[in-house]
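Here's a solo chain for you in structure tokens, the form predicted alone.
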């Protein structure tokens, strides 16, 4: 638990930084905008055989913007504490790169410089340099092109993407041309990867799609077996390991178009195994891939049609014989949004992922099909929002329902209530968490 001394130090640090910026503003150096947020959430498991408190999280963040005529500097500092046994978000691992680390203040608390970037508008291009998020694609509940930043999976995929994305240090330049074309260039030396939930947490990954299963290995010991999950073999922080991204966008004759390219380390590791007497070692390794893709969207009156596609090379996956297969992968999504009802959005998506030129007996289907349905309503002069999201995997016959109610009580207070209902077999991507149904309550105060 966070000690009083460390908590006071963190609060004094945030307040001191705000006071320094305020002093600069008073003396005419720049315009300073400071927003502090206190956020608290508690999640209660609804299955009888589960720990009642899945999550008890409290955070304090400070968002400071320093603006002059020539540039804008933004920093977001976050102090986060999680106190429940079922959600061990603060732990020692090798998720983060050498210069994208967090400061552990106690067993369950950490202080993070979440974002720090400078924006410089110039004649024909816009430069953003520093620790930041870059969002590609607009799919609901599913990521196809939105793979520039890794993600924290401490709450699987039930947390908001903006909250669960891990910002990266990068160079982000956007070039504008006279015909409304925009070319974005990304150079990302930060080798931070996905942050998976630790062992024995509420959302520890157990599906055979990702984690090797003892029954699928040629390991036949007698007596007790010591299963060891070794630290991630994350790519080292080196210029040669930097990710490179390009995106071209254009709006033409009512169509939003984009072409995307990303040369990157896939953030989800390949788990393989090694053996020694009475011991099974699980190792996490990362590999390079080229992503080629794009998106298209257009609107006809109350209907928006959109599509995303990504083709990735050199994907690696274990098969049922615990051998590594390498193949290319095509993923595409078709979506339709309908705005014809008053203050209501109705959306449906069809997504399919297909492994190309692969060997049989992979630990996941060669063709993986998802469908989603979303309905969002706004009431009370747009202060109350209800949302229902259903995601189903057709091949594994599993999925989840996320229902939420969000109330903007005033400009400074937001309250929400959500529930997650999961079904399917334990081998499925979603079904592995079928015992983790929950209700979550939270609020956020801005000042």
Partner chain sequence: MKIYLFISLFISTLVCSFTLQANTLIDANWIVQQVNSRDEGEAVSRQLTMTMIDRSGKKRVRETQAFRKYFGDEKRTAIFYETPKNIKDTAFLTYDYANKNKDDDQWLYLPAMRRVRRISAADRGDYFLGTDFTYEEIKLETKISVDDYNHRTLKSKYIEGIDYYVIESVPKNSHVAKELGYSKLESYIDKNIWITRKAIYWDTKGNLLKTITFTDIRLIQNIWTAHQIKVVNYKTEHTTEFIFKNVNYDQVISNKIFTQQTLKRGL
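Positions refer to the first chain, counted from 1. For clarity, every value in this text was computed on a predicted model and none was experimentally measured.
What comes next is about the form predicted together with its partner chain, which does not appear here.
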query = Hey, in the predicted complex, is residue 34 touching its partner chain, heavy atoms inside 4.5 Å?
reply = yes
Contact flag, residue 303 vs its partner chain in the predicted complex, heavy atom cut 4.5 Å = yes
ask   = Do residue 410 and its partner chain share at least one heavy atom pair within 4.5 Å in the predicted complex?
value = yes
key: its partner chain contact at residue 366 in the predicted complex, heavy atom, 4.5 Å   = no
inquiry  = Looking at 38 to 46, 54 to 62, 410 to 418, 387 to 395, which stretch has residues with any non-hydrogen atom within 4.5 Å of its partner chain in the predicted complex?
reply    = 410 to 418
Heavy atom within 4.5 Å of its partner chain in the predicted complex - residue from 284, 76, 186, 79 = 76
key: Interface residue in the predicted complex among 320, 315, 371, 182, criterion: non-hydrogen atom within 4.5 angstroms of its partner chain   = 182
key: its partner chain in the predicted complex - contacting residues of 308 to 341, heavy atom within 4.5 Å   = 337, 339, 341
